[in-house]
Every structure is written in C-alpha cells, then in structure tokens.
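Only one chain is given next, in structure tokens, and it is the form predicted on its own.
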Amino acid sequence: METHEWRPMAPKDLGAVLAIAAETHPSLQESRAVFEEKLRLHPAGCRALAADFGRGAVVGYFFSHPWYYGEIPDLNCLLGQVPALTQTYYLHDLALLPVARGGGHAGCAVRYANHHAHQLGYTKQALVSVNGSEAFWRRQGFEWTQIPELELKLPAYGQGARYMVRLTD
C-alpha cells in the first residue's frame, strides 16, 4: 500500500508542481516564476505531498501566505512581497493528482494551514474556491463571503469562483 506525507516544499519540487497544476487547473495556469516567488517569500506555507512517506514522487501541492482580507492576488502575477500588516492568511492553491484523492490529504493540508496561521497570529483565513470545490471548502469551515470589490476579479478564477473565509481556530 502506498502512503503519502505532506512535507516542506523544496525548489526541486517545482517541476512536479507545474505538471500537477497543468493537469488539475488547466485553465488557471501560473508560471514557474510565480510558484518560485511564493516558495521564496513564505516557504512555511508551501507544502508538497510526496508518496512513500515523503521519499517518492510529488502527487500534490499546497501554497499559502499572508494576504489582505477582501482582496485576492491576480493569477499568474508576482506578489512582490508578503504583506506584514494583515490579519488574513490566504490559501492560494491546493491540488492533488487523482491517485492521491480520497485519503484525507486535502483536509490534512487545510489543518496544517490553520495551525500555521494560528501560530503566526492570523485571525482569518481566506481563499477562492475554483472548479466546483466550494462544497469541500464548506466542509473545512469556510463560508462564501460576498465582497462587491471582488466581483470584477473573481471571473479570472473561472466560472463559479467564490471568495470564502473562515476564522482561524
């Protein structure tokens, strides 16, 4: 039986991350430079799901970082820096290959992000649900939050994209 483990992401994982992104989010592609920057700016928020207790192939990834409440980063754009004065921890992207789905790995990543956000003092977490994932995020405690200023930006994330928020435990 194959096992999986979330571990800190390393620069060597980015090739696999790009391949997973191309398979799981084909209409929401971001460049290697965008992923490299997220890893450089907030490495503790970047995780890789590796098969065989972390020693095998990367089968999933997770990017998260501090961000502003009620705002979303433009897709495929560099952040420049991670904001220092914010109460919101942003879950930018979580993706798993089909082989890694159904084992509770996505929920484990969300729990890690919640714990990390709590340790850093963030009171809220936010994300944009894409590709019909709203029900999953609701099960994780996130609620759809309508913010008029976001209505023009959300379509870039695909049809049915929702800004969702939860309080950090």
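All values derive from a computational prediction rather than experimental measurement. Don't overthink the numbering: it's just position in the shown sequence, from 1.
The same protein also has a form predicted together with a small molecule, omitted here; what follows describes it.
Each of 102, 106 and 139 places at least one heavy atom within 4.5 Å of the small molecule in the predicted complex.
When the small molecule is considered in the predicted complex, residue 50 lies well away from it, no heavy atom lying within 4.5 Å. Proximity of residue 64 to the small molecule in the predicted complex: non-hydrogen atoms within 4.5 Å are absent; the residue sits far from the partner. In the predicted complex, at least one heavy atom of residue 25 sits within 4.5 Å of the small molecule. Of the heavy atoms in residue 130, some are within 4.5 Å of the small molecule in the predicted complex. In plain terms, the part of the chain that comes close to the small molecule in the predicted complex, with a heavy atom within 4.5 Å, is 130 to 138 out of 115 to 123, 30 to 38, 130 to 138, 65 to 73.
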